[in-house]
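Next up: just one chain, as structure tokens, the form predicted on its own.
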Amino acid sequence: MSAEEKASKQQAVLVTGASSGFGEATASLLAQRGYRVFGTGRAPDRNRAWGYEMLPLDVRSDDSVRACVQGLMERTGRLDVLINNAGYELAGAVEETSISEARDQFETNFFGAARMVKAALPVMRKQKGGRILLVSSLAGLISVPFHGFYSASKHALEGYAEALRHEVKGFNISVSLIEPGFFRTNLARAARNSIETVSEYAGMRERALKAFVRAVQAGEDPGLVASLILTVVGSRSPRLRYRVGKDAKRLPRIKALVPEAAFEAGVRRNFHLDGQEGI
């Protein structure tokens, strides 16, 4: 066993949303590298061999979050790394989305992460150190048409993490954002659609959502995100932001360089908002 593996065995890692996608890939890789990993899911399959321990968790519930962290502490007595990954995609025009649906999106994607951090920080402060990673998105940097509230929840996570990093740095706690682009996960397949539809948006919505699904299907392997997270967890001085995936690295640079109108026109072309073919 290497020195790295021996050190990792002493660290307890909690990964939310570990039943599929980035969370599953990350939990599996960290467990393989010797970390003691606890994944979470709303109703984890007890008959499945996960390769890591699974705990029930609904990030929308204060009681569920407290019970999850308490259960982990009873098993390990410490929490070294929190990876906030739980989330889902809400699709639909902003006008078509009810405030209730928008609130549900934020309860999982934003407030769910905030609940986990609030529960983890007293533990990490007491042990004088820890790592907090929040899985954001390219949509937290560049808003996606017909995913307005999903994009808003990720933008909120970006601002929250930046402030949090300043506040906890003095306690030897690091905060990092993982910003994936399009990857082959079940994000689009598991998406929720706004219940209300407005006929005037029908053509644009259909074209934009099809373009989004195609981008996900053509995306990169989620294992790249897991490998990046492994690197961040093992880093001596983690940065605030890590972009992963070709589009996540390329598109924000383009946005910063080209005139606003030109970038906007490119977004409209790629999502076929005006009925044009994408480039």
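Just count from 1 along the sequence shown to find any residue number. Note that the structure is predicted; figures quoted are calculated from it, not measured.
One more form of this protein, predicted together with a small molecule, exists but is not displayed; see below.
Of the stretches 75-83, 128-136, 199-207, 95-103, only 128-136 has residues with a heavy atom within 4.5 Å of the small molecule in the predicted complex.
Using a 4.5 angstroms threshold between heavy atoms, Lys154 counts as touching the small molecule in the predicted complex.
Residue contact with the small molecule in the predicted complex: Gly234 places no heavy atom within 4.5 Å of it. In the predicted complex, the small molecule sits beyond 4.5 Å of every heavy atom of Ala120. Although the partner is absent here, Ala18 sits close enough that one of its heavy atoms falls within 4.5 Å of the small molecule in the predicted complex. A heavy atom within 4.5 Å of the small molecule in the predicted complex is found for exactly one of Leu30, Val59, Cys68, Leu228: Val59. Residue-level contacts in the predicted complex: of Gly223, Gly34, Gly41, Pro238, one residue has a heavy atom within 4.5 Å of the small molecule, and it is Gly41.
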